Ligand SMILES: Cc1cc2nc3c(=O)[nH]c(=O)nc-3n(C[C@H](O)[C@H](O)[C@H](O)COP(=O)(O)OP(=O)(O)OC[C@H]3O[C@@H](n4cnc5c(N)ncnc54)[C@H](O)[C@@H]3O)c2cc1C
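Single chain ahead, written as structure tokens, the form predicted on its own.
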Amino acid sequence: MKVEHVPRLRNWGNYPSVPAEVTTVETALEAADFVRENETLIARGNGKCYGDAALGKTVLSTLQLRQILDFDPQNGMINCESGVLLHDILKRVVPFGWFFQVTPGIKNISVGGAIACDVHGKNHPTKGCFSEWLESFELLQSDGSIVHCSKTENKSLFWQTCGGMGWTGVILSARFQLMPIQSLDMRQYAVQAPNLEHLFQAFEQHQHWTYAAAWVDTLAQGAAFGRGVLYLAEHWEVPDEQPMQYPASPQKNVPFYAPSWILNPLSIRIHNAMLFSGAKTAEQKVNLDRYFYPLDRIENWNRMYGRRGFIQYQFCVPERQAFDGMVQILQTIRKSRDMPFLSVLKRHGERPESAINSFPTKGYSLALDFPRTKTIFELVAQLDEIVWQLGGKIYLAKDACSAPKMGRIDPKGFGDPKFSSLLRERISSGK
């Protein structure tokens, strides 16, 4: 057991930060002792969520719980400890022809974090969230006992934990189903949409594609309002001639925090113009790692936003309200002083009734990365009000400053008060 006093502990967005005592455990027994000895704590994986989840004064790090306990290469079932990163799993399972059923846009997150946030990907309409393929997990409770949770055993606790942001206990290990693949390549097709209406039409017209996500130019005006590029993909169906070895991403690095003036209206407009004009609309073969994890190719990319960090605002609104809602959101941003550097639009399918804490609902979500400025909090408050009136919600894994009601999850209604993060305290207090 290793104890570290961290002057300012931050997540990937570099905001907010808190002084913390971080204890890294190496066994379930150490974790149980630590939980029994502390009045409050929160478990933390690799710290890749963006806001104030997994931040607190007393933190239990699971990163040394990193063993792959069992892998069945015939049936694609894997059992691993919660601190194992998705990247580590890929190195183990890809050579046998397996990949994740559902993966977020970064692979350097822990399995425990994937469950706590119930992550989703670009194939939500067909595959749902991570919990859809989760068979079971072992959960450490506040009294130091360990319970086995599945969709049939301790069912209520299972679903409270999926998307429950770590508030039910410490996930020690998990067992889940993988997906067979034949190649390390993807078949990708890009659709340039001259405005927001055409972008929504493109989503509808290409529903037969498994993977779909769009970049949106949030600064475009006039006839080009809401223009974007929809990226579609399928797994390459022709088996690779050579044995599949998961590629190590050729990484570039942002070695220092960029000056705050780097991301300004001019640089963002140039960036947007390049993204739109540079989209290759012909079908092409793309490496699996490049398609799913483009941000992981740049180490420390969060430093581009400077020391002040960034705020990601990700929300989902019901399908019937989605287009008009996106128009309102983009118009509100255009009237503000704040401009997002990145924006991703995704379509979502039905959410299982049992997945009570999962973020996506049938409709569309938009993720917006804003440099943190003095005025961004005022803009977030305006966006919150629009999303709320539309019947939408925000993603708690990305939240740093939204109104407490926006996740539509009441931490007083489930979980254990011992497991408390800065996020939970903020929501519980109503501030």
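Everything quoted here is computed from the prediction, not taken from an experiment. Residue numbers here begin at 1 and follow the sequence given.
One more form of this protein exists, namely the form predicted in complex with the named molecule; it is left out here, but the text below deals with it.
Considering Ala248, Leu295, Ile270, Ala223, which brings a non-hydrogen atom within 4.5 Å of the named molecule in the predicted bound form?
That would be Leu295.
With the named molecule left out of view, which of Ala400, Ile394, Ala43, Leu368 would have a heavy atom within 4.5 Å of it in the predicted bound form?
Selected option: Ala43.
Spot the stretch among 102 to 110, 150 to 158, 240 to 248, 182 to 190 with residues whose non-hydrogen atoms come within 4.5 Å of the named molecule in the predicted bound form.
So the stretch in question is 102 to 110.
Would Tyr50 sit within 4.5 Å of the named molecule in the predicted bound form, counting heavy atoms only?
So Tyr50 counts as contacting the named molecule.
Classify His120 as contacting or not contacting the named molecule in the predicted bound form by the rule of any non-hydrogen atom within 4.5 angstroms, answering yes or no.
His120: contacts the named molecule in the predicted bound form.
Cys162 near the named molecule in the predicted bound form, any heavy atom under 4.5 Å?
Cys162: no contact with the named molecule in the predicted bound form.
Examine Tyr15 and determine whether its closest non-hydrogen atom to the named molecule in the predicted bound form is within 4.5 angstroms.
Because no heavy atom of Tyr15 falls inside 4.5 Å of the named molecule in the predicted bound form, the answer is no.
For a quick check, can you give me the residues of 169 to 185 that have a heavy atom within 4.5 Å of the named molecule in the predicted bound form?
The stretch 169 to 185, when checked against the named molecule in the predicted bound form, contributes Gly169, Val170, Ile171 at the 4.5 Å heavy-atom cut-off.
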